[in-house]
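Encoded as structure tokens, the following chain is the form predicted alone, with no partner shown.
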Amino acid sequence: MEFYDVLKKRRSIRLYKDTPVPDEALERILEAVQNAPTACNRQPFKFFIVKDPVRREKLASVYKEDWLKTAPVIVAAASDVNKAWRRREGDSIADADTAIAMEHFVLAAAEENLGTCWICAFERAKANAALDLPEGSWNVFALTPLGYAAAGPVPFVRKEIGEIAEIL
């Protein structure tokens, strides 16, 4: 699949088949994450691939919608603010680096014909606790289900390029 085709193909999927995700596909997706650029190559993130049904249920409970539970895998992308590069003003860019890696994840998943859906509508403290993350540095930045779509994505309309970009 060509790069621009992958961009157009990637959509938010909200219902999944219970078909397992092949380990080989997951390895290729994680290689894409490994290749994500980060400031000073610090890679201040870790992706938790949650397959275990009990841990998956615990992690899914931090999100209000039940459809997350239909995915055979839930992925939590966590940031480590202490390992990330900081701006001159002092604020960490751990979340920016993790967002780049997360986008590599979802685009690679689309290439593998697997569905994903960015989720940020959860309480970080509860997600951190669900993964037993130590307090003080690691925070779950985003979640995504991972699996084969059981239903197509809902239609959407994109803004015109002139509304989202301006050439100066």
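Residue numbers here begin at 1 and follow the sequence given. Not measured: the values here are computed from a predicted model.
From this point on, the text means the form predicted in complex with a small molecule, which you will not see here.
A heavy atom within 4.5 Å of the small molecule in the predicted bound form is found for exactly one of 130, 117, 26, 110: 117. Taking the partner from elsewhere, residue 121 is found to have a heavy atom lying within 4.5 Å of the small molecule in the predicted bound form.
Using a 4.5 angstroms limit between non-hydrogen atoms, residue 63 touches the small molecule in the predicted bound form. Heavy atoms of residue 10 reach within 4.5 Å of the small molecule in the predicted bound form, making it an interface residue.
Looking at residue 14, you'd find a heavy atom of it within 4.5 angstroms of the small molecule in the predicted bound form.
The partner is not drawn, yet in the predicted bound form one stretch among 26 to 34, 130 to 138, 49 to 57, 63 to 71 has residues with heavy atoms inside 4.5 Å of the small molecule: 63 to 71.
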